[in-house]
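In the form predicted alone, a lone chain appears below as structure tokens.
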């Protein structure tokens, strides 16, 4: 006789596969459909919940697409001026060293106006975690070229593609930071597939755990898409990211326990 599955069986706690973490608010995400910001938000909050450090965590929201992170993350949050999140995180961590402190920044914020703040905080070995979303473009302000825009990549300010002779080379700021003695863990991941989500969550968990050791900055880059800025559907943007972004920004750990990973 075929077993009948009732609705009560389906919703039993032991059958639960996934539920929204309590550390994500019920506010509707403002990000474009298909954007990696929402997924990254979720796994950061899941990690903090699983670590049980909600009351001892402070996040820093900068300027850009992620400026409203404090609307979605149910933890203590501060907002910093454009590019200044590492400076604010430095102050908070030095005043409250027992807190887990992280910044959440895009490439225009971190690698353009905030380049000096980022590099010097890393070089000082500030015991903070930086989570860096790299979609190779200024997403919020109209799709202009960013420091991370690939050579030949079109944007609203490079309609014929980025020309390195005129506009310079794309900036691999994550590799640059990995060279500094003040960084302890540096990793580059992505969130476009379930497998990559798991790897990114592991890297973020590792970054938060290592922050407790007070051995320097921990840094996780998340290569993402910007389907609206790239003028593509979410599916097309993910495929373009795999074919073009990943060869230039390869995924994986770059620095572990203060030592560069040999490729």
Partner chain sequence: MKKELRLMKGNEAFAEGAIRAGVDGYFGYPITPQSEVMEYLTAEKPHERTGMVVLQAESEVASINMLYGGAGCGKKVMTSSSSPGISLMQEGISYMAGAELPCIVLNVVRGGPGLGTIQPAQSDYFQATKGGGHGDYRLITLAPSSVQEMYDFVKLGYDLAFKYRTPVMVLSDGAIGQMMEKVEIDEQIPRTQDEEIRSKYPWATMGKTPDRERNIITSLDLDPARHERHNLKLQAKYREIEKAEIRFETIQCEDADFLFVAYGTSSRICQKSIQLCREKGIKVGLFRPITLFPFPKNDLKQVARGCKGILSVEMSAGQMIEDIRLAIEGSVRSEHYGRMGGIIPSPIEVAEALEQKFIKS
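Keep in mind it's a predicted model, so treat the numbers as computed, not measured. Positions refer to the first chain, counted from 1.
Another form, the form predicted together with the partner chain, is not on view; read the next lines as being about it.
S.K.: Considering non-hydrogen atoms and a 4.5 Å limit, which listed residue (92, 112, 167, 150) is close to the partner chain in the predicted bound form?
M.R.: Selected option: 92.
S.K.: Pick from 232, 210, 67, 32: which residue has any heavy atom within 4.5 angstroms of the partner chain in the predicted bound form?
M.R.: Here the answer is residue option 67.
S.K.: Is residue 218 close enough to the partner chain in the predicted bound form to count, meaning some heavy atom within 4.5 Å?
M.R.: Contact check for residue 218: no, nothing within 4.5 Å of the partner chain in the predicted bound form.
S.K.: Is there any non-hydrogen atom of residue 27 lying within 4.5 Å of the partner chain in the predicted bound form?
M.R.: Yes, residue 27 lies within 4.5 Å of the partner chain in the predicted bound form.
S.K.: Quick one: does residue 172 come within 4.5 Å of the partner chain in the predicted bound form, counting heavy atoms only?
M.R.: Result no; residue 172 lies far from the partner chain in the predicted bound form.
S.K.: Does residue 180 reach the partner chain in the predicted bound form, with heavy atoms at most 4.5 Å apart?
M.R.: No, no contact at 4.5 Å.
S.K.: Non-hydrogen atoms within 4.5 angstroms of the partner chain in the predicted bound form: do 195, 199 and 243 all have one?
M.R.: Spot residues vs the partner chain: no contact at all.
S.K.: Exactly one stretch in 104-112, 74-82, 129-137, 187-195 has heavy atoms within 4.5 Å of the partner chain in the predicted bound form; which is it?
M.R.: Result for this chain: 74-82.
S.K.: Within 82-120, which residues have a heavy atom closer than or equal to 4.5 Å from the partner chain in the predicted bound form?
M.R.: Stretch hits, in order: 82, 84, 87, 88, 90, 91, 92, 94, 95, 96, 98, 99, 116, 117, 120.
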